[in-house]
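Single chain ahead, by itself, as C-alpha coordinates, in the form predicted alone.
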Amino acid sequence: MAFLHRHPRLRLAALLSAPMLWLGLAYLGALAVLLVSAFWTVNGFTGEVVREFTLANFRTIVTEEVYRNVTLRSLGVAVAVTVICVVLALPMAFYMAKVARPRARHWLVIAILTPLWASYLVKAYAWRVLLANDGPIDSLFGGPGYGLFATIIVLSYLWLPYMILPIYAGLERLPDSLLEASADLGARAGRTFRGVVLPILVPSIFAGSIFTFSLSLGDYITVQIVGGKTQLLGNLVYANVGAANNLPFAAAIATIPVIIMVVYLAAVRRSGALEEL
(Lines give C-alpha, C1' and ligand atoms only; values in the text may rest on other atoms or scores of the structure.)
Protein backbone atom coordinates (compact mmCIF):
# COMPACT_ATOMS: atom_id res chain seq x y z
CA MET A 1 0.00 0.00 0.00
CA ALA A 2 2.84 2.40 0.80
CA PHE A 3 4.29 1.67 -2.63
CA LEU A 4 1.01 2.69 -4.27
CA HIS A 5 0.88 5.93 -2.26
CA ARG A 6 4.34 6.85 -3.56
CA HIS A 7 3.26 6.22 -7.16
CA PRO A 8 -0.04 8.02 -7.94
CA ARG A 9 -0.21 6.64 -11.49
CA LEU A 10 -0.07 3.09 -10.21
CA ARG A 11 -2.72 3.92 -7.63
CA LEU A 12 -4.98 5.32 -10.37
CA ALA A 13 -4.39 2.23 -12.50
CA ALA A 14 -5.32 0.01 -9.56
CA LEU A 15 -8.57 1.95 -9.04
CA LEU A 16 -9.49 1.64 -12.70
CA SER A 17 -8.60 -2.03 -12.99
CA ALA A 18 -11.91 -3.23 -11.49
CA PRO A 19 -14.17 -1.25 -13.88
CA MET A 20 -12.01 -2.28 -16.84
CA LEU A 21 -12.17 -5.91 -15.74
CA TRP A 22 -15.95 -5.68 -15.51
CA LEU A 23 -16.08 -4.10 -18.97
CA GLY A 24 -13.94 -6.87 -20.37
CA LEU A 25 -16.07 -9.60 -18.83
CA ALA A 26 -19.44 -8.06 -19.68
CA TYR A 27 -18.71 -6.79 -23.19
CA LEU A 28 -15.95 -8.95 -24.59
CA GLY A 29 -17.32 -11.96 -22.73
CA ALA A 30 -20.70 -11.50 -24.42
CA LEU A 31 -19.02 -11.32 -27.82
CA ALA A 32 -17.08 -14.48 -27.02
CA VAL A 33 -20.30 -16.32 -26.10
CA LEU A 34 -21.87 -15.04 -29.31
CA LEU A 35 -18.99 -16.35 -31.39
CA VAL A 36 -18.94 -19.73 -29.65
CA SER A 37 -22.71 -20.27 -29.99
CA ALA A 38 -22.49 -19.48 -33.70
CA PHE A 39 -20.73 -22.83 -34.15
CA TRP A 40 -23.62 -24.77 -32.58
CA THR A 41 -26.80 -26.03 -34.25
CA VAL A 42 -30.42 -26.74 -33.36
CA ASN A 43 -31.99 -30.18 -33.47
CA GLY A 44 -34.68 -30.05 -36.13
CA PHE A 45 -37.02 -32.39 -34.22
CA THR A 46 -36.66 -31.34 -30.60
CA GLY A 47 -35.63 -27.70 -31.12
CA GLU A 48 -32.87 -28.08 -28.56
CA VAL A 49 -29.43 -26.54 -29.05
CA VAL A 50 -26.76 -29.08 -30.02
CA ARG A 51 -23.48 -27.88 -28.48
CA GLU A 52 -21.16 -29.53 -30.98
CA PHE A 53 -18.68 -27.62 -33.13
CA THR A 54 -19.78 -27.26 -36.75
CA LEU A 55 -19.43 -24.77 -39.60
CA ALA A 56 -22.91 -25.50 -40.92
CA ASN A 57 -24.32 -22.08 -40.01
CA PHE A 58 -21.52 -20.18 -41.73
CA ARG A 59 -21.65 -22.56 -44.69
CA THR A 60 -25.33 -21.75 -45.12
CA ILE A 61 -24.69 -18.00 -44.91
CA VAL A 62 -21.93 -18.17 -47.53
CA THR A 63 -23.65 -20.50 -49.97
CA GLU A 64 -27.24 -19.22 -49.80
CA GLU A 65 -27.78 -16.27 -52.14
CA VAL A 66 -30.43 -14.69 -49.95
CA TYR A 67 -27.97 -14.07 -47.13
CA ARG A 68 -25.39 -12.58 -49.47
CA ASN A 69 -28.03 -10.23 -50.87
CA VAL A 70 -29.18 -9.17 -47.41
CA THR A 71 -25.57 -8.52 -46.36
CA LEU A 72 -24.92 -6.37 -49.42
CA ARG A 73 -28.22 -4.55 -48.94
CA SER A 74 -27.37 -3.83 -45.30
CA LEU A 75 -23.95 -2.52 -46.32
CA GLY A 76 -25.54 -0.32 -48.96
CA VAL A 77 -28.01 1.13 -46.46
CA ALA A 78 -25.24 1.84 -43.93
CA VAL A 79 -23.09 3.54 -46.58
CA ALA A 80 -26.02 5.57 -47.94
CA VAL A 81 -27.05 6.74 -44.46
CA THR A 82 -23.46 7.73 -43.67
CA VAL A 83 -23.06 9.70 -46.92
CA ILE A 84 -26.37 11.51 -46.40
CA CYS A 85 -25.42 12.38 -42.82
CA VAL A 86 -22.05 13.77 -43.96
CA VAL A 87 -23.66 15.91 -46.68
CA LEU A 88 -26.21 17.32 -44.23
CA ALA A 89 -23.88 17.65 -41.25
CA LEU A 90 -21.07 19.59 -42.95
CA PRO A 91 -22.99 22.84 -43.66
CA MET A 92 -24.91 22.62 -40.39
CA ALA A 93 -21.77 22.11 -38.30
CA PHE A 94 -19.89 24.81 -40.22
CA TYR A 95 -22.64 27.33 -39.55
CA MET A 96 -22.72 26.41 -35.87
CA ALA A 97 -18.94 26.65 -35.42
CA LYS A 98 -17.93 29.52 -37.71
CA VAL A 99 -20.97 31.63 -38.62
CA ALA A 100 -23.38 31.66 -35.68
CA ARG A 101 -22.76 33.98 -32.75
CA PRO A 102 -21.27 32.41 -29.60
CA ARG A 103 -24.54 32.70 -27.69
CA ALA A 104 -26.50 31.14 -30.53
CA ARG A 105 -24.08 28.21 -30.75
CA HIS A 106 -25.16 26.91 -27.36
CA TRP A 107 -28.80 26.92 -28.43
CA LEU A 108 -27.96 25.22 -31.71
CA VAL A 109 -26.08 22.46 -29.87
CA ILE A 110 -29.10 22.00 -27.60
CA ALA A 111 -31.34 21.84 -30.69
CA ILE A 112 -29.12 19.09 -32.15
CA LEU A 113 -29.11 17.13 -28.88
CA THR A 114 -32.84 17.46 -28.17
CA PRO A 115 -33.97 14.72 -30.62
CA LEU A 116 -31.62 12.29 -28.86
CA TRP A 117 -33.68 12.66 -25.69
CA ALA A 118 -36.87 11.54 -27.43
CA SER A 119 -37.83 7.88 -27.60
CA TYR A 120 -36.45 5.95 -30.55
CA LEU A 121 -39.82 4.28 -31.14
CA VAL A 122 -41.72 7.57 -31.00
CA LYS A 123 -39.48 9.07 -33.68
CA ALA A 124 -39.68 5.98 -35.90
CA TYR A 125 -43.46 5.76 -35.66
CA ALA A 126 -43.76 9.49 -36.29
CA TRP A 127 -41.95 8.90 -39.60
CA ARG A 128 -44.29 5.99 -40.28
CA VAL A 129 -47.22 8.41 -40.06
CA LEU A 130 -45.42 10.92 -42.30
CA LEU A 131 -44.55 8.34 -44.96
CA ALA A 132 -47.89 6.51 -44.95
CA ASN A 133 -50.12 6.49 -48.02
CA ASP A 134 -52.33 9.59 -47.93
CA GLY A 135 -50.05 10.89 -45.17
CA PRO A 136 -48.65 14.44 -44.98
CA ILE A 137 -45.67 13.81 -47.28
CA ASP A 138 -47.72 11.77 -49.75
CA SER A 139 -50.43 14.46 -49.89
CA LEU A 140 -47.94 17.27 -50.55
CA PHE A 141 -45.20 15.68 -52.64
CA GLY A 142 -46.21 12.12 -53.39
CA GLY A 143 -44.33 10.25 -50.70
CA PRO A 144 -42.07 7.24 -51.26
CA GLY A 145 -44.18 5.01 -49.04
CA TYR A 146 -42.62 2.19 -47.04
CA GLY A 147 -39.56 0.37 -48.28
CA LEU A 148 -35.80 0.62 -48.60
CA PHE A 149 -35.77 4.34 -49.43
CA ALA A 150 -37.96 5.11 -46.43
CA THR A 151 -35.59 3.11 -44.22
CA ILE A 152 -32.62 5.18 -45.41
CA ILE A 153 -34.51 8.44 -44.78
CA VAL A 154 -35.52 7.51 -41.23
CA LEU A 155 -32.08 6.14 -40.29
CA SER A 156 -30.44 9.31 -41.63
CA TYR A 157 -32.73 11.38 -39.45
CA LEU A 158 -32.11 9.24 -36.38
CA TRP A 159 -28.30 9.20 -36.60
CA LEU A 160 -27.64 12.69 -38.00
CA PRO A 161 -26.74 14.21 -34.58
CA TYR A 162 -23.97 11.61 -34.19
CA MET A 163 -22.36 13.03 -37.34
CA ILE A 164 -22.96 16.71 -36.61
CA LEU A 165 -21.35 16.75 -33.16
CA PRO A 166 -17.91 15.30 -34.11
CA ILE A 167 -17.69 17.59 -37.15
CA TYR A 168 -18.72 20.57 -35.03
CA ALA A 169 -16.03 19.70 -32.49
CA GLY A 170 -13.46 19.44 -35.29
CA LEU A 171 -14.47 22.81 -36.74
CA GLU A 172 -14.23 24.46 -33.35
CA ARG A 173 -10.57 23.43 -33.21
CA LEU A 174 -9.97 24.87 -36.69
CA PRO A 175 -8.25 28.28 -36.25
CA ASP A 176 -10.02 31.16 -37.96
CA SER A 177 -6.60 32.41 -39.02
CA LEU A 178 -6.32 29.55 -41.52
CA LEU A 179 -9.55 30.60 -43.20
CA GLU A 180 -8.46 34.22 -43.23
CA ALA A 181 -5.06 33.31 -44.66
CA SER A 182 -6.69 31.30 -47.42
CA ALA A 183 -8.97 34.22 -48.27
CA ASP A 184 -6.02 36.65 -48.26
CA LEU A 185 -4.22 34.42 -50.76
CA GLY A 186 -7.17 34.69 -53.12
CA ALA A 187 -8.76 31.29 -52.59
CA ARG A 188 -12.49 31.12 -53.07
CA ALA A 189 -14.85 29.47 -50.60
CA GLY A 190 -14.90 26.17 -52.46
CA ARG A 191 -11.11 26.05 -52.74
CA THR A 192 -10.74 26.91 -49.05
CA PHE A 193 -13.14 24.16 -48.10
CA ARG A 194 -11.40 21.53 -50.24
CA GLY A 195 -7.84 22.54 -49.43
CA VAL A 196 -8.04 23.73 -45.81
CA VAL A 197 -11.24 22.66 -44.06
CA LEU A 198 -11.91 19.20 -45.47
CA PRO A 199 -8.43 17.68 -44.79
CA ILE A 200 -8.66 18.77 -41.15
CA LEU A 201 -12.18 17.38 -40.83
CA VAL A 202 -11.40 13.92 -42.21
CA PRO A 203 -10.80 12.39 -38.72
CA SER A 204 -14.01 13.99 -37.43
CA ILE A 205 -16.00 12.65 -40.39
CA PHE A 206 -14.61 9.17 -39.83
CA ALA A 207 -15.44 9.46 -36.13
CA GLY A 208 -19.06 10.32 -36.93
CA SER A 209 -19.24 7.59 -39.55
CA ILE A 210 -18.36 4.97 -36.94
CA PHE A 211 -21.67 5.75 -35.25
CA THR A 212 -23.85 6.22 -38.34
CA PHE A 213 -22.39 3.20 -40.13
CA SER A 214 -22.49 0.77 -37.21
CA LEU A 215 -25.92 1.84 -35.95
CA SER A 216 -27.42 1.55 -39.44
CA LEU A 217 -25.73 -1.78 -40.09
CA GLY A 218 -27.27 -3.43 -37.04
CA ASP A 219 -30.66 -1.71 -36.90
CA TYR A 220 -33.82 -3.77 -37.25
CA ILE A 221 -36.58 -1.73 -35.58
CA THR A 222 -36.74 1.01 -38.21
CA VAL A 223 -36.80 -1.58 -40.97
CA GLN A 224 -39.77 -3.29 -39.34
CA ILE A 225 -41.63 0.00 -38.90
CA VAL A 226 -41.08 1.70 -42.28
CA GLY A 227 -39.18 -0.87 -44.34
CA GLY A 228 -42.16 -2.76 -45.72
CA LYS A 229 -40.89 -6.08 -47.02
CA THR A 230 -37.24 -4.99 -46.85
CA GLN A 231 -34.95 -7.38 -45.01
CA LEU A 232 -31.63 -6.40 -43.41
CA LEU A 233 -29.21 -8.29 -41.19
CA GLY A 234 -30.91 -7.12 -38.03
CA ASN A 235 -34.25 -8.51 -39.21
CA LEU A 236 -32.71 -11.91 -39.89
CA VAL A 237 -31.19 -12.01 -36.42
CA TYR A 238 -34.50 -11.02 -34.84
CA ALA A 239 -36.45 -13.60 -36.88
CA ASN A 240 -34.11 -16.45 -35.98
CA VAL A 241 -34.10 -15.54 -32.29
CA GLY A 242 -37.90 -15.25 -32.18
CA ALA A 243 -40.11 -17.16 -34.59
CA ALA A 244 -37.49 -19.61 -35.88
CA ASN A 245 -36.07 -20.25 -32.38
CA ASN A 246 -32.63 -20.86 -33.89
CA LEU A 247 -30.25 -18.99 -31.60
CA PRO A 248 -27.01 -20.47 -33.06
CA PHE A 249 -27.93 -19.39 -36.60
CA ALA A 250 -28.93 -15.95 -35.32
CA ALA A 251 -25.52 -15.70 -33.62
CA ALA A 252 -23.81 -16.65 -36.88
CA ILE A 253 -25.66 -13.89 -38.74
CA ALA A 254 -24.84 -11.43 -35.93
CA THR A 255 -21.13 -12.05 -36.45
CA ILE A 256 -21.36 -10.51 -39.94
CA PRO A 257 -21.79 -6.87 -38.78
CA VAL A 258 -19.24 -7.49 -36.02
CA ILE A 259 -16.63 -8.59 -38.57
CA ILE A 260 -17.51 -5.71 -40.88
CA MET A 261 -17.11 -3.18 -38.06
CA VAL A 262 -13.79 -4.68 -36.92
CA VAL A 263 -12.47 -4.34 -40.48
CA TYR A 264 -13.86 -0.79 -40.73
CA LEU A 265 -12.38 0.30 -37.40
CA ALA A 266 -9.00 -1.12 -38.39
CA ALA A 267 -9.19 0.81 -41.67
CA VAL A 268 -10.02 4.19 -40.09
CA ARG A 269 -7.67 3.81 -37.13
CA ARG A 270 -4.78 5.33 -39.07
CA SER A 271 -6.84 8.47 -39.82
CA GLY A 272 -6.91 9.41 -36.12
CA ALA A 273 -10.72 9.08 -36.05
CA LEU A 274 -10.71 7.07 -32.84
CA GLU A 275 -9.06 10.00 -31.06
CA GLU A 276 -12.05 12.17 -32.00
CA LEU A 277 -14.54 9.98 -30.08
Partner chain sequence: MKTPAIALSGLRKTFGAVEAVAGIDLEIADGEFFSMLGPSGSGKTTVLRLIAGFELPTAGTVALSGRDVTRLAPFERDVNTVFQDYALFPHLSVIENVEYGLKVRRVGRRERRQRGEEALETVRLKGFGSRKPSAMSGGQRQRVALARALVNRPRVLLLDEPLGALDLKLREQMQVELKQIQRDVGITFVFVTHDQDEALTMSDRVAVFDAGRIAQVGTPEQVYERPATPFVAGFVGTSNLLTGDAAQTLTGRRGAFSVRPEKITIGDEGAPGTVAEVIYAGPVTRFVVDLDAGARMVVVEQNRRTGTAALGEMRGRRVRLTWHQEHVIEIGADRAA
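Fair warning: this is a prediction, and the values are worked out from it, not measured in the lab. Positions refer to the first chain, counted from 1.
This next part talks about the form predicted in complex with its partner chain, which is not shown.
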Contact assignment for its partner chain in the model of the complex, among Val83, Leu178, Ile110, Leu121, heavy atom within 4.5 Å: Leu178
Selected contact from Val129, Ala104, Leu185, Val87, since only one has a non-hydrogen atom within 4.5 angstroms of its partner chain in the model of the complex: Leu185
Contact test in the model of the complex: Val196 vs its partner chain, heavy atoms, 4.5 Å: yes
Close approach of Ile200 to its partner chain in the model of the complex, 4.5 Å, heavy atom: yes
One stretch from 150-158, 87-95, 163-171, 188-196 that, in the model of the complex, holds residues within 4.5 Å of its partner chain by heavy atom: 188-196
